[in-house]
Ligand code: ATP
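The data below hold one chain only, encoded as structure tokens and taken in the form predicted alone.
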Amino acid sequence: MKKRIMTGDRPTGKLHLGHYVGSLKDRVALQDEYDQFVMLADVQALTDNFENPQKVRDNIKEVALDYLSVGIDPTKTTIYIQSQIPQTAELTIYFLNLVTLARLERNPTVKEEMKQKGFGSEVPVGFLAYPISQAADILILKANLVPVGEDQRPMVEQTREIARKFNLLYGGDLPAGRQVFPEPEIKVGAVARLVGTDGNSKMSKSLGNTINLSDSEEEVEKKVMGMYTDPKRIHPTDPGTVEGNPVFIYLDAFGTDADQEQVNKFKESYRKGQIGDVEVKKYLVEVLNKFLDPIRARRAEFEKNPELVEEILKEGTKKARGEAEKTMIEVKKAMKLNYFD
């Protein structure tokens, strides 16, 4: 049997280039080799959008279209909606007993997101505890591999801890070598974290520094021409810094092999002060639009057929729910909660 992948995204807005290099590219590449499940994490999105559920609902369709447009194939990958798998909520309740408050507060991803959102001491319990819910999402499908961006590594590490503790506590009656849950491996994309157009260390919907996979040619041009570059460079004749410069990071990430010679020439000229930011940015616009054109075309085709997209989500959710039901039978047996078997 194929090993299983489980991954997903919060439907709080359209997906962007950071999502692509962080995990979407790997999902497309691995869907032939693995039994892959991709989740639209609407429950998780509500942890900091609880006052605006319509926003989350509207973005289910947008993110599903992003998945399909980048090449995630519904005949190879199961795409499903988190809130429609009630077994995950039950497993989350059991997992809550396996994690301390202090451990949740030490999670670096949670700490950083709390800081960004300004929660302070008023953090909702659902938000603070979402690493536990995320562990339930991953483990209820018994995932062996989780492709994520670098910022999500601590979340999967916590999932591994929970799986280990559950197996230790409740796996004693299983045959030797068998465990209820695997400890999933982590796969970080080739570009672990894509910087934002503003030079921020992370491209993020909440920071408004993204280039979306669905952006038009005009939107891409506008965002690229306004990109942060080398702040110390005042004139085009000033020697510039290539390392850490978002424009060159994007050229390296999205340029093809055929672009590499030109990119290397730009880098050399930039360091010597022989080329301006505008010229390099114009080339980046060409590179990004060439990369996005086939994605835009596939999206347009799926947008013409919303009934097909809905059917893909219905069938995927039905399949995921069936897998979750099987896991919960094992969980309840291991925890001695199978009273009527």
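We number the residues from 1 along the sequence you see. Not measured: the values here are computed from a predicted model.
From this point on, the text means the form predicted in complex with this ligand, which you will not see here.
Proximity of Gln152 to this ligand in the predicted complex falls within the 4.5 Å heavy atom cutoff. Of the heavy atoms in Leu91, none are within 4.5 Å of this ligand in the predicted complex.
Taking the partner from elsewhere, Arg193 is found to have a heavy atom lying within 4.5 Å of this ligand in the predicted complex.
Using a 4.5 angstroms threshold between heavy atoms, Val148 counts as touching this ligand in the predicted complex. Note on contacts: among Lys205, Arg233, Arg160, Lys142, the single residue with a heavy atom within 4.5 Å of this ligand in the predicted complex is Lys205. Residues within 4.5 angstroms of this ligand in the predicted complex, judged by any non-hydrogen atom, belong to 197 to 205 and to none of the other stretches in 262 to 270, 161 to 169, 197 to 205, 82 to 90. Residues from 1 to 16 that approach this ligand in the predicted complex with a non-hydrogen atom closer than or equal to 4.5 Å are Gly8, Asp9, Arg10, Thr12, His16, in the order they occur in the chain.
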